[in-house]
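The data below hold one chain only, encoded as structure tokens and taken in the form predicted alone.
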Amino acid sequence: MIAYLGRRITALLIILFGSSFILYNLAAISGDPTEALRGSTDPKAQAQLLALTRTLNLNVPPPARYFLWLKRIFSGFNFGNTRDGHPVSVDLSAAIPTTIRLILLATIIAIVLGVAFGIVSALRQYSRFDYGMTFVAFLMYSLPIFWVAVLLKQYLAISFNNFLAEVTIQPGWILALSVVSGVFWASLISGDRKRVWKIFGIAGGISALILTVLSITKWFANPGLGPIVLFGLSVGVAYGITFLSTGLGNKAALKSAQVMVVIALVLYYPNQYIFNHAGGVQTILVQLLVTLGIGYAVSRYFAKIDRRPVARTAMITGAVIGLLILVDKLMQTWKPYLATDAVNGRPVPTISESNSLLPAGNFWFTFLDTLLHLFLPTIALSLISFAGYIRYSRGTLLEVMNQDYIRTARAKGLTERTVIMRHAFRNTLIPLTTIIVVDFAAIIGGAIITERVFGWRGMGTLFNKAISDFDLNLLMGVFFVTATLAVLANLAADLIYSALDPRIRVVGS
């Protein structure tokens, strides 16, 4: 294994430095950063030309200049200065967190929802749901990101901000959303025609009732869950996670999840007190760790043997319920946030990374403002990536489900949930690992179009600026960071393969 890793790292390093050498020379040959100064009539142009030539080593041939750049990299990751005179490392350190904040959440959402809907689509092959997801996937995949972004700005920002002035849902919208809800649930649950129409009516009716109540109570002006609604949602979470994790037949897991619901209800008001008096990222992380610890302790009480699945169920249930409590706190922050002069009743922004006019010192205002600025870009990026994950996970699972070991597992009498979750899904992750790892590596590369549409300054913006300004140092700085992550991602994918499937063992020979 060590020999294999050595060979892989050596090959990846050769690829990294070989590609950087090619890019450096192509970029150096294709553009002349002194072109504007050469044609200038400014008396100082000649002095500026000499200074720029000396600063960028333009009197050195590009192949030799590459090794001067490489020497600075090895001497302390010094990427040089940009055309504006700023250190490239400073621009990179400011752009990387922005890009991660912009794309990381969108990538995670796309992976989770895409894989989940892809698996359900594969299990319901040629059903109404499968055809619907296929249509949605191809539609989303074919839409240009800039057009999606413009639609989101119009309908989820401008129109929604206008809606908040009255907070009344029009009957037409109630009808349309109820029909969409009915179609979704009817296609998901499926069955014969009579059952489909019954599910359609029930789901559509419940959706219409909920939307009507929200409209009458003007819930969107002052949203919140409260302990009662939170308890109901938590019960659903407990049963859903238990079903996916171990099956409802595992009584120890089900009881552990139910106890986590009761603990969450008991601690609802103490949590609110902590949020109000000690709000912060550290507080949230500490509460998460405490929740996981409580989940593990509860599982130890109910499970005497085979504790790992029970612990997993209790801990995931506690984490999801904790997320619901956090969402409830953000909902409570909504009304005072809207009332601030910086927001002035229009909370969903269409541009920029944050609201500079927002009062400093209020963690929940800042947290909510960050999420709202992420809202539109996250949806835009998720919709495009979501489509690819649906199609890929569907095709992969269909291929796995036709394997002999799946038929053997069913012949042994294992439940369908066990066959799918423990056997098929695990092996589905092996090919999915490739695109997931590469996607995470691409996060740092930025989304050039999305950043431009929404006015964010991330790695994509730096890359575009480097090309348009013939800024070779900035271009190579962006490339070196993204290429290094891509190389590491490929190495990580090889290691994850062997972790997911014990049959995959690479022995150096």
Partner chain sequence: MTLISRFKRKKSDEVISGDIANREVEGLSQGQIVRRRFLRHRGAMISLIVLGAVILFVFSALDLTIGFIKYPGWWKYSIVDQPDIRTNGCPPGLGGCPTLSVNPFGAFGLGDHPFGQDDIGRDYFALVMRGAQRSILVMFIIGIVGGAIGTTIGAISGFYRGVVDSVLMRFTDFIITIPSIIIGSVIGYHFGNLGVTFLAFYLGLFAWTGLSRLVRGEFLTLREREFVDAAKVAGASNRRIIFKHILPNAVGVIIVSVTLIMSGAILLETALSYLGFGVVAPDVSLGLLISQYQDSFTTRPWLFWYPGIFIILIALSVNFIGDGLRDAFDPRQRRRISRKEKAAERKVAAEKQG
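Residue numbers count along the first chain shown, from 1. What you see is a predicted model; the values in this text were computed from it and never measured.
One more form of this protein should be noted, the form predicted in complex with the partner chain, which is absent from this view; the next part is about it.
Student: Candidate spot 94, 156 and 456, all three in 4.5 Å heavy atom range of the partner chain in the predicted complex?
Tutor: Result no, not one residue of the spot touches the partner chain.
Student: Using a 4.5 Å heavy atom cut-off, state whether residue 139 contacts the partner chain in the predicted complex.
Tutor: Heavy-atom contact with the partner chain at 4.5 Å: present for residue 139.
Student: Taking the partner chain as it sits in the predicted complex, is residue 147 in contact with it (heavy atom to heavy atom, 4.5 Å or less)?
Tutor: It does: once the partner chain is placed as it appears in the predicted complex, residue 147 has a heavy atom within 4.5 Å of it.
Student: Taking the partner chain as it sits in the predicted complex, is residue 301 in contact with it (heavy atom to heavy atom, 4.5 Å or less)?
Tutor: No, residue 301 stays farther than 4.5 Å from the partner chain in the predicted complex.
Student: Heavy atom to heavy atom, is residue 143 within 4.5 Å of the partner chain in the predicted complex?
Tutor: Residue-level check for residue 143: yes, a contact with the partner chain.
Student: Name the single residue among 70, 49, 449, 58 that comes within 4.5 Å of the partner chain in the predicted complex, judging by heavy atoms.
Tutor: Comparing distances to the partner chain in the predicted complex, the residue within 4.5 Å is 449.
Student: Which one, 269, 135, 197, 173, lies within 4.5 Å of the partner chain in the predicted complex by heavy atoms?
Tutor: Comparing distances to the partner chain in the predicted complex, the residue within 4.5 Å is 135.
Student: Do any residues of 458 to 485 have a non-hydrogen atom within 4.5 angstroms of the partner chain in the predicted complex? If so, which ones, in sequence order?
Tutor: Contacting residues: 463, 464, 467, 468, 470, 475, 479, 482, 483.
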